[in-house]
Ligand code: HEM
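The chain below stands alone and is given in structure tokens; this is the form predicted alone.
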Amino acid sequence: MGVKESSKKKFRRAVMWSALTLIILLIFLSIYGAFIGAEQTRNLVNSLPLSVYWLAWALVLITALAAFRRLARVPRLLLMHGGCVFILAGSMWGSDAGHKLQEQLLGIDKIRTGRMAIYEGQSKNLVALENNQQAKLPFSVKLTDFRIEYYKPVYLRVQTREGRSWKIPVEIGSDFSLGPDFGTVTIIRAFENFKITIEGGIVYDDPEPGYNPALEVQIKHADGAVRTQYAFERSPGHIHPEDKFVLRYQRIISDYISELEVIKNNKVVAKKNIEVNHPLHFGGYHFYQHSYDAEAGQYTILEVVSDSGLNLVYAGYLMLCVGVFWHLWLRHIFTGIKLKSE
């Protein structure tokens, strides 16, 4: 019995030291990953050495449940350790290696991650992968509308050549005094796509697709002279040699939104307006708002991410949180209630 107990203690000690070593390595990996950037970190955690590391973590946790019987007998401890196993299992199943394993064992051919650029009014099922190749989704995604939203109010900045400046909220038709030495400023109209004709110099807001926000500004100088200037969002500081003021049209983006439809077998099967951190989930994929056409606002760029293993990860975090809350607070509350009743 003595030899057997001694072997058990040595085995348990080996499991504990293995777990401690893996924790220390995880700390160093986390610090290193914070310095090399998100893309390189993703490549690192999906590499073969790190795949072995994550597998070792899962095996150590499962072994700990067998070696330390109390972990299996006490529900709160079982939830915490089991939750960690679920998180690791879900992460590995959703990794690059996990997707390859799904294809080899189960015949599930899913796109791990990629991007889609879709123009307004068009649908697409091709996803651009990281290796400059393309893959097809079993359905199409259509961009019905794309829009950019701005914080209110937006501003016109007026600056003299000597450096004195004013910040004016954009209100069409309102006069803003620059003081007795400089006169007044009136914002006449706003353009989303400013255009000017070559002949006649007629300015207008072009309804055709495009993006050139501008303001028409009337300046009444202190000497009574009246001059019209244009302030451009994309060309700040644009100025004529005769202009006394430098104008800047400033709008700060608060959000950009893509109105999406999912089309399968020529039918719309899902709809959602997606924005940053509010993706569309359909057919085993999440579609995130990644970027957009900054020049003309005519297309959106979606990040396509497989959801493989995600439910396991969510279940693991739920188990872990319940176990920790139970271990740190609930058991003491239950003990206190029991003592009072006795």
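Being a predicted model, the structure only gives us computed values, none of them experimental. Start at 1 and count along the sequence shown; that's the residue number.
In what follows, reference is made to the form predicted in complex with this ligand, a form of this protein that is not presented.
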Discussion item. In the predicted complex, does every one of 185, 239 and 247 come within 4.5 Å of this ligand, counting any heavy atom?
Written reply: no
Item to complete: Flag residue 84 as yes or no: does it have a non-hydrogen atom within 4.5 angstroms of any non-hydrogen atom of this ligand in the predicted complex?
Response: yes
Item to complete: Considering only heavy atoms, tell me if residue 61 and this ligand come within 4.5 Å of each other in the predicted complex.
Response: yes
Worksheet item: If you check in the predicted complex, is residue 57 within 4.5 Å of this ligand, heavy atoms only?
Response: yes
Fill in: Heavy atom of residue 318 within 4.5 Å of this ligand in the predicted complex
no
Fill in: 111, 80, 92, 262 - the one with a heavy atom within 4.5 Å of this ligand in the predicted complex
80
Practice prompt. Would you kindly say which of 68, 53, 32, 314 lies with a heavy atom within 4.5 Å of this ligand in the predicted complex?
Written response: 68
Worksheet, complete the sentence: Given 70-78, 195-203, 148-156, 166-174, the stretch touching this ligand in the predicted complex at heavy atoms within 4.5 Å is 70-78
Worksheet item: Within 13-37, which residues come within 4.5 Å of this ligand in the predicted complex, counting heavy atoms only?
Response: 15, 16, 19
